[in-house]
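Form predicted on its own, single chain, as structure tokens, below.
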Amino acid sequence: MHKHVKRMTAAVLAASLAAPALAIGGAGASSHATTSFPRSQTLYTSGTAYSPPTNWNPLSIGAYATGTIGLLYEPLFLYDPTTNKTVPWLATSGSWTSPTSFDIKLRSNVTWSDGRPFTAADVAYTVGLAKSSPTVPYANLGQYIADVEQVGRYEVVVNFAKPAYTQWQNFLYGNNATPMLPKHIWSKLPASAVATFANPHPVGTGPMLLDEANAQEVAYKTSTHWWATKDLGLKLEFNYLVDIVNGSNNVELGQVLQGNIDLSNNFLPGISKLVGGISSSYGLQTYYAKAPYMLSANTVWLEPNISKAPMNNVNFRKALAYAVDSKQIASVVYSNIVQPANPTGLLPNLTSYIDRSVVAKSGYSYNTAKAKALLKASGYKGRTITLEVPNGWTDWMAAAQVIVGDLKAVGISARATFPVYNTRVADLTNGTYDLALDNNAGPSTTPWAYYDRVYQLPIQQKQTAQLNWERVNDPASWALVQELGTTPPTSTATLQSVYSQLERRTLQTMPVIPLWYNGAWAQYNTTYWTNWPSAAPTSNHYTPVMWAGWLGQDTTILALAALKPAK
């Protein structure tokens, strides 16, 4: 017998969601009560949600339920980090027609899940929020946008008061690509609420509809009106997708081995030993058949709170960089399923942007003698500092203990703490932490998003957008980031010069300390579903990760559409 996930009655669901008064538009969870999902028609996933799903607002960074972007809401373009190319999605094309005008042509047969057509009005409304709502994640675009023109029903022209090439590219492509919103629903909200309300009745253009949710899971059912079936020949073979909340990597490993979870995006202890010689007995598969097994997903950096001593001292931060042995973390904690990061922190798909002469001159590596000398120069007096890691993230918890040991070896007194995930996020948002491990720097078409995360100003009392959590006040570096936005993509020499300057400044001041490339954890149990992404020449090479920024903005939705029922 295989696990059947219970479905809640509508009354119990409503109580668990605690929906706010601003519950508008669309149809929410069904009102009938049933007992289970047919196993052969259901894809079970886990490894993304660490708290009960209560939010389907795609603008609520870090808060929305798995599937909100990708299964419900969709962007104009997808991004393939394995090829560094974009894929037209709700838009058929997008191009600069002048230094300050960008033209978007839309598909003409897309409908919202309530039956209303998706048109240029929806795109104009979504883009326009950058000017009207300071709480949306892309509000930094508002200062650049002059107006948004609707050219007929399926074309939009965005006019810029001044060039903002890179910021706009970040809006369109990659992990930060913005999903489109239905104007006929969202325009009824005050601008101040669009990024905060829970949206318990989501209306999207995607391949699935919200079905049920409770404290342990969120369930979706396939839509029969997904535009991509006609336009692109895509179809989900499963009727239901259930994403399970899981706070423990060890528990999830057991669920995957038992076949109760088809796709796990958690770090699973010992997976390198299970994939290979004995994998046939479990039906397990990963993207690569051997080390490193996983694609590189994001950069894990040691994030110091620069608003507090001793982290506000540059020599102390440099001492941290030289004290930590990233190779030991990769080999001992991860059994080589991750790779140590380049000192710049840029992911492998951005290698062409790395100035090797800068790294050779200003880069760092594990060196206890240098760490001790820098520590002495910092004037550090032995204060004990804490290193925060979310409880249940067993790999990071183990890495934190290695880091604490490395710091102790050079004379830094540190203690690892393991708050629950939401508490740790609140500590970073409020600036009440000392050190933390963070991995918000994911794949992007250029390094701009990486440096925007590091340097964005001004510093808010609450850094809710996951930008500049370390609170570094470096106007010169922020000016370089802003210069990137005004430089045309065709001016490659100028762009490379700015990136080289940012790389140099980052290595000289160490606002963050890149340690390793987190893996795009993806372990498949092939008992019920096959044709998973892999590096094999005959396989599809889509991204196999349900995390925010991957399911709806990269190519994971294509991976889900490629799945086939096991015979």
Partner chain sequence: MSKDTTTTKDDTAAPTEEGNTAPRHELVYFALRNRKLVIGLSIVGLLGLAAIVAPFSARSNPDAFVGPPMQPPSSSYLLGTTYFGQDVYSQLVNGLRQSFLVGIMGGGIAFVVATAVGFTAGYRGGAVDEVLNMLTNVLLVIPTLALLIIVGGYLKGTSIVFEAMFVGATAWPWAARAIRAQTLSLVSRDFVGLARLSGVRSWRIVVGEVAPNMSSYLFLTFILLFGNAILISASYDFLGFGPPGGVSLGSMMNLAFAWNALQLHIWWWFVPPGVAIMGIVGGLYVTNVGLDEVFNPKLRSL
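Predicted model, so just to flag it, every value in this text is computed and none were measured. Residue numbers count along the first chain shown, from 1.
Another form exists, predicted together with the partner chain; not displayed. Remarks below refer to it.
Undergrad: Would you confirm whether the three residues 248, 333 and 398 all fall within 4.5 Å of the partner chain in the model of the complex, going by non-hydrogen atoms?
TA: Contact check passed for all of 248, 333 and 398.
Undergrad: Quick one: of 102, 267, 322, 77, which gets a non-hydrogen atom within 4.5 angstroms of the partner chain in the model of the complex?
TA: Spelling it out, the residue with a heavy atom inside the cut-off is 267.
Undergrad: Which residue, 478, 418, 96, 353, is the contact with the partner chain in the model of the complex, using a 4.5 Å heavy atom cutoff?
TA: Checked against the cut-off, the match is 418.
Undergrad: Considering only heavy atoms, tell me if residue 483 and the partner chain come within 4.5 Å of each other in the model of the complex.
TA: Looking in the model of the complex, residue contacts with the partner chain do not include residue 483, since no heavy atom lies within 4.5 Å.
Undergrad: For residue 273, is any heavy atom within 4.5 Å of the partner chain in the model of the complex, or not?
TA: Residue 273: contacts the partner chain in the model of the complex.
Undergrad: Using heavy atoms and a 4.5 Å limit, would one call residue 233 a contact residue for the partner chain in the model of the complex?
TA: No, residue 233 is distant from the partner.
Undergrad: Residue-level question: is residue 391 within 4.5 Å of the partner chain in the model of the complex, judged on heavy atoms?
TA: Yes, residue 391 is a contact residue.
Undergrad: Which one of these stretches, 359 to 367, 284 to 292, 410 to 418, 105 to 113, sits within 4.5 Å of the partner chain in the model of the complex when only heavy atoms are counted?
TA: Result for this chain: 410 to 418.
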